[in-house]
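Presented below, as structure tokens, is a lone chain in the form predicted on its own.
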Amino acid sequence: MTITERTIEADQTALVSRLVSSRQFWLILINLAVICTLGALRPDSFLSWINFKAVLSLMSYDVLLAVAMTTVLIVRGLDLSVGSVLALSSVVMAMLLRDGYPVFPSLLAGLAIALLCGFINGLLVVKAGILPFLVTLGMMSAARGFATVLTTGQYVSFPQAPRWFSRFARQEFGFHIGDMFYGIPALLLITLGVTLVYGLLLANWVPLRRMFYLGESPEAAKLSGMRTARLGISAYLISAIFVWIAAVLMTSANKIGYANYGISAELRALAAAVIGGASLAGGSGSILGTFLGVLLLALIGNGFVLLNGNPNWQQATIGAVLIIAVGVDALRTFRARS
């Protein structure tokens, strides 16, 4: 065997080793296993395009919120307010649309509300040094409370809004195969597009890559000249933007604003992010891993529906998966530090 052949073989062995040790690789296998299991148990219902489309459409909101959660976890943060801020932003946009305001100013008002909540979270965590759990728990309660007060707990419809806004999230782009039409919702395409672009930027763009350095060692990042406070607050602002995108899509798809949007969404977002490789200790996270984590939870939920399982067990399963993921993350962190 020549030196070149040995080098190629060594490179291939190293590539396989990295692949097998990666979180994403195992998540892909687990998702495939769940798909095969459900496909075998409920082939007619689970393997239909209608079911796949429903699963992917419903998980779109969770993908955006999980990406938001992943972003703050990277910088050693936490955001338990993602679901409540989504509801508040949705309510504000819906109320303005109901009162006859143009679409884009209404959407910008919703964005401003989300950014304000994100800025307050970031400021109190980064500048005041308050634990992110306490800050975002308070924001979760405050945002949900404001949304409920504004609407008295009622739906906010906007019949005067332009039809295109009420339809664009439900619009489908599809193709024909024989006599069958396969529609792909715009909701899903927008979510995938935004997530893909952000994932590429997070992996390759230096200003965003700095968030990983901050999460790994805040002290070292500060000594190296990074503006750690600005970077930490920026993570919460980026998180708020993804929450706002989810609010826009949900408001358009459902044609209403509602104060109860996003209840328990923070649990699913945190579970998906940690399953996907984000660490509560900061410094790690993957958008692909987060997406695969959301997909796994969505498949589990779909399995409960198709198999007529108890919805309470579904919530318990998500909690159990989160506990296991946190335990694995804690063990990984302990090994890395020892």
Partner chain sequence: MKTGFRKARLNINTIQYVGLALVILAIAFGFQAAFGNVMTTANLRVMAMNMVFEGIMALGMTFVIIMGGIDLSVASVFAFGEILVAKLMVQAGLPVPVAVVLTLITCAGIGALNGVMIVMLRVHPLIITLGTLLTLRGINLAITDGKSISGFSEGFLWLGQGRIFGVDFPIIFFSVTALILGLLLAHHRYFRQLYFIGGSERAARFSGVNVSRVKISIYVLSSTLAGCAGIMAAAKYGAAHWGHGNASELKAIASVAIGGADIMGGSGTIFGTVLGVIFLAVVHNAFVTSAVNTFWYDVVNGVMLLLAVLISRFIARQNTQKLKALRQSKLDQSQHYQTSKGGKP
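Values in this document were obtained by computation on a predicted structure and should not be read as measured data. Numbering follows the first chain given and starts at 1.
If you look for the form predicted in complex with the partner chain, you will not find it shown, but the lines that follow are about it.
- Of the candidates V135, A94, I238, L214, V135 is the one whose heavy atoms come within 4.5 Å of the partner chain in the model of the complex; the others do not.
- Although the partner is absent from this view, P105 stays clear of the partner chain in the model of the complex, with no non-hydrogen atom inside 4.5 angstroms.
- For the chain shown alone, L131 is a contact residue for the partner chain in the model of the complex, at least one non-hydrogen atom being within 4.5 angstroms.
- Put simply, L65 is far from the partner chain in the model of the complex: not one heavy atom of it is within 4.5 Å.
- Using a 4.5 angstroms limit between non-hydrogen atoms, V149 touches the partner chain in the model of the complex.
- Per the 4.5 Å heavy atom criterion, the partner chain in the model of the complex is contacted by stretch 264-272, the sole one of 264-272, 107-115, 191-199, 230-238.
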